[in-house]
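Next up: a single chain in structure tokens, the form predicted alone.
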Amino acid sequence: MNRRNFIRTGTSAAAAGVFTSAGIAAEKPTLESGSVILFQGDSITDAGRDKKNQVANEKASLGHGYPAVIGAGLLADHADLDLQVYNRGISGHKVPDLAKRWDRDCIDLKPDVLSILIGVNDIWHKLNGNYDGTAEVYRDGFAALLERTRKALPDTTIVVCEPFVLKCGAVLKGEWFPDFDTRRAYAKEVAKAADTLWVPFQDMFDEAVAAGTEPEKWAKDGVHPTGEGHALMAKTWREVVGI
């Protein structure tokens, strides 16, 4: 199967449940007039956004990654709903960093749909000697963040995205495994416990590579997606989340 066929058939499989086989069956959202969609995370979500421009729907404020692709699609497909799409990802952030800014950058925005992708820096910074958080610290911190969000925003649909890496670039230069796989398992565990939707990006990229593409096609350094990588993430996210 070539890359083009994978993108066409593999992401369609996501809608059929292939990518949502984690046992997580949270209710999918229904968009209404004025619905707020918020993307949170690290540099993968940040994707070069203009942090001085925090208004909804602006191209500069959404960056050039998967939130921008998703946001553009949602705004075009639901032009009559006056949706408000925000990107508040910040490069370099870990779970503790999200927690410190969560009221301002999440709770106060009162999102109807909240998407979180976090975890790669929680291990990468540890490998670089700049952080000492264990996999269990990641698990417990993430669980606490989701619990805090549920209490403050009981009607919000929360989408947890699976942390991912591809085996190339920086990922070949450090001892990422098995610690990274443990952290991915913990992300799934806390997502299920919090009754969130689950977007399995690692499974998606693993299947893309297995279908015949080189890892570098999706993320040259093994962490930050290429344009193709962001496009595949956006397509899968929308099909799994159902909007």
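Residues carry their position along the shown sequence, with the first being 1. From a predicted model like this one, the values you see are computed outputs, not experimental measurements.
There is also a form predicted in complex with another copy of the chain; it is not shown, and the following applies to it.
Student: Since the chain is shown here on its own, which stretch among 210 to 218, 173 to 181, 186 to 194, 29 to 37 would lie within 4.5 Å of another copy of the chain in the predicted bound form, judged by heavy atoms?
Tutor: Looking at the other structure, the answer is 210 to 218.
Student: Should the three residues Gly92, Ala135 and Val137 be counted as contacting another copy of the chain in the predicted bound form, with contact defined as a heavy atom within 4.5 Å for each?
Tutor: Per the other structure, none of Gly92, Ala135 and Val137 touch another copy of the chain.
Student: If you check in the predicted bound form, is Asn57 within 4.5 Å of another copy of the chain, heavy atoms only?
Tutor: Contact with another copy of the chain, yes.
Student: With a 4.5 Å heavy atom cut-off, would you call Gly63 a contact of another copy of the chain in the predicted bound form?
Tutor: So Gly63 counts as contacting another copy of the chain.
Student: Using a 4.5 Å heavy atom cut-off, state whether Pro225 contacts another copy of the chain in the predicted bound form.
Tutor: Yes.
Student: Indicate whether another copy of the chain has at least one heavy atom within 4.5 Å of a heavy atom of Glu147 in the predicted bound form.
Tutor: Outside the cut-off, so no.
Student: Within 66 to 82, which residues come within 4.5 Å of another copy of the chain in the predicted bound form, counting heavy atoms only?
Tutor: Stretch hits, in order: Val69, Ala72, Leu75, Ala76, Asp77, Ala79, Asp82.
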